[in-house]
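Okay, so here's just one chain, in structure tokens, the form predicted on its own.
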């Protein structure tokens, strides 16, 4: 039996029985594709620029060529963009297919591939179209992490630190020390990946449709999405790191967070090698904030840290 965490995370390779399988794979694997699963493969270019309906249409077109039906099982293999697109296609093609995910980046393993959110971008705005739909399983393996370059690994570190900043002080400090080391201990990463998944599931179970407490998981993302809209050279995890610092500054201004904690967070991020600031002007970010999914009228709800390991949901007024 595979080791199972909560309802769908597994750590031994799953066996797919009774379904025709099609794999959607990041084309970074095209020269050396995974040997599993042995099935038709659809390669996609996994960039934020290509995380659009055009790529969804390409995948659906290929599924039609393969005569896929509602019993077809999709497997998404790649980072968060690939898992998002796979989940979106599976949720909408012929009104829904079953699917599983194989996240190959740290960012996807601790965040993008778990929790049931699937989405695509529109006109540069992040995840403007999406669904809530859980994969049947998510196969997490530390072996994939050893293939990542340092920048991609640090993007995953940012998402992991986000989770711990809102819910687990001890795990946060452990993660900082791990990622600050000259040589990353991949065996030590695995328990932290498990812990991040546990935290996310515990929050998602209480608020699967993202109406309340699940907003805590958006810490750093309100400004991150605005940054990504205007700075296409910054990777998602890097933008989340900057977003966490910016939103922590807001917490300090509003008496929610102590200045000493803000200094500690900034220092930790710099020590790891994560960015903490952006050259974008406030007006550029404010324009993007108006399109944020969490906006209701002239109010945007965002998560702000109260201390390391605890966060609150706060409302920011924007000019419409």
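Note that the structure is predicted; figures quoted are calculated from it, not measured. Numbering follows the first chain given and starts at 1.
Unshown form predicted together with a small molecule; subsequent notes refer to it.
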- prompt: Of the listed stretches (189 to 197, 175 to 183, 242 to 250, 143 to 151), which one has a non-hydrogen atom within 4.5 Å of the small molecule in the model of the complex?
  reply: 143 to 151
task: May I ask whether 38, 74 and 100 all come within 4.5 angstroms of the small molecule in the model of the complex, judged by heavy atoms?
output: no
Candidate from 89, 138, 81, 160 lying within 4.5 Å of the small molecule in the model of the complex - any heavy atom: 81
- prompt: Should residue 216 be counted as a contact of the small molecule in the model of the complex, where contact means heavy atoms within 4.5 Å?
  reply: no
query: Can any non-hydrogen atom of residue 117 be found within 4.5 angstroms of the small molecule in the model of the complex?
result: yes
- request: Spell out, yes or no, whether the shortest heavy atom distance between residue 230 and the small molecule in the model of the complex is within 4.5 Å.
  value: no
query: Within a 4.5 Å heavy atom cut-off, is residue 127 in contact with the small molecule in the model of the complex?
result: yes
